[in-house]
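Okay, so we've got the same protein chain twice, two forms, each given alone as structure tokens, structure 1 and structure 2.
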Structure 1
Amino acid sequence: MNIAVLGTGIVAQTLASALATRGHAVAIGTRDPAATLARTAKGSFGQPGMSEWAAAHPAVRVATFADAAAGAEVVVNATSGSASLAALTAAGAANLDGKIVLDISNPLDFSKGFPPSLSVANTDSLGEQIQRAFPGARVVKTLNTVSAHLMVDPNQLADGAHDMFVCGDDPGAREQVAGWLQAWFGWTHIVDLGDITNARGTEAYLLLWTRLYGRLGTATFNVHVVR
């Protein structure tokens, strides 16, 4: 499958690498590919600079947002929440129409330090904003409730009974994404929350997630819904 991963941070790098390893044709989308490929500084989480990362992953193409999205069957929004709408606008509405857009971003606001607040909450969500801005896209919010390394390998946790959530206005898209999460990454416990307004809940969970991260000193954790 041809997949565009928009973004160049640790989440985008992790997703792009995992998808390419699984045999997909992957393009990373960025505003300026030449500048991105020249970047040698390590990322905020200690990940390799894009110059080093791209050299180690020659199968992953680095392209403009629009070029990556145009050739993709699926688009993954792995940009920061504050940059998501601009990145998707640069990708082009016509390049998103009819396609499933996996939104794995969170509207985290670190302007006052850690732990962050949310730039949008309660009566709206970033997922909803994206769906309103690109009505032709089939937006599905998912994978935003765990760290990057668990997104692609949930079995790193000793107890495999933990949950991933999906929500979006298109039931068929939600079902398809749930199947991809299982086939691509091994997620076996998936909770379908319903329409895209449920992104308000999964994004708000990051207020608890960041505090757990600060308390536990590790990002290797997740939640399980016990019924």
Structure 2
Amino acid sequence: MNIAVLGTGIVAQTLASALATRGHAVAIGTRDPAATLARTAKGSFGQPGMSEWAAAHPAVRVATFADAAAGAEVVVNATSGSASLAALTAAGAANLDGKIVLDISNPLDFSKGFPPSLSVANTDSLGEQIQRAFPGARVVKTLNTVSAHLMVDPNQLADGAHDMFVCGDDPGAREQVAGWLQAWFGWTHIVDLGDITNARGTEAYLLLWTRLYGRLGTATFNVHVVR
């Protein structure tokens, strides 16, 4: 498939690399490709700068948001929450129309340090804001509840016996995404929550996730819904 991954952080790098390894045609979308490719400083999680990363991943094209999205069958929003609406606007509504937009972002506000609060919460969510801003896109919120290395390899933890949530207004898109999560990364425990307002639940869960992360001292964890 032709897949656009918007963003250049640890989540975007991890997803783009995993998808390219599986044979997909991946384009990373960024505001200014030349500036991105010149970036040598390591990222905030110690990941390589995009200059080094791009050299190590020659199969992944680095393009503008709009260029990456234009040729894509599916668009993955892996930008930080505070940049997501601007990135998708730069990608262009026409380049999202009718497409599934996999929204992985979280509206984390680190302005007061760790643990973060959310910049939108409780009675609204970033997933809903994105769906409202791009009514022609089929937004499916998922993967936002685990760290990047678990997103692409759930079976490294308890043989995959932990849960991934999907939500979005289009039932067919949710089903399609569940199939991709399994085919791409091996997710077998997928909970379909329903419409995009459920993003209020999965984004708010980050208020617990970040505190569990602080307490457990590892990001290699996830919840399993026992029933």
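So that the term is clear: the rigid core is the largest set of C-alpha atoms that superpose within 1.5 Å between two forms. Predicted model, so just to flag it, every value in this text is computed and none were measured. Shifts are known only where both forms have a C-alpha. Each residue is numbered by where it sits in the sequence of structure 1, with counting from 1.
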Form predicted together with a further copy of the same chain, is that 1 or 2? 2
Runs in sequence order between the two structures, three or more residues long, with CA shifts of 2 Å or more on the rigid core: 158-160
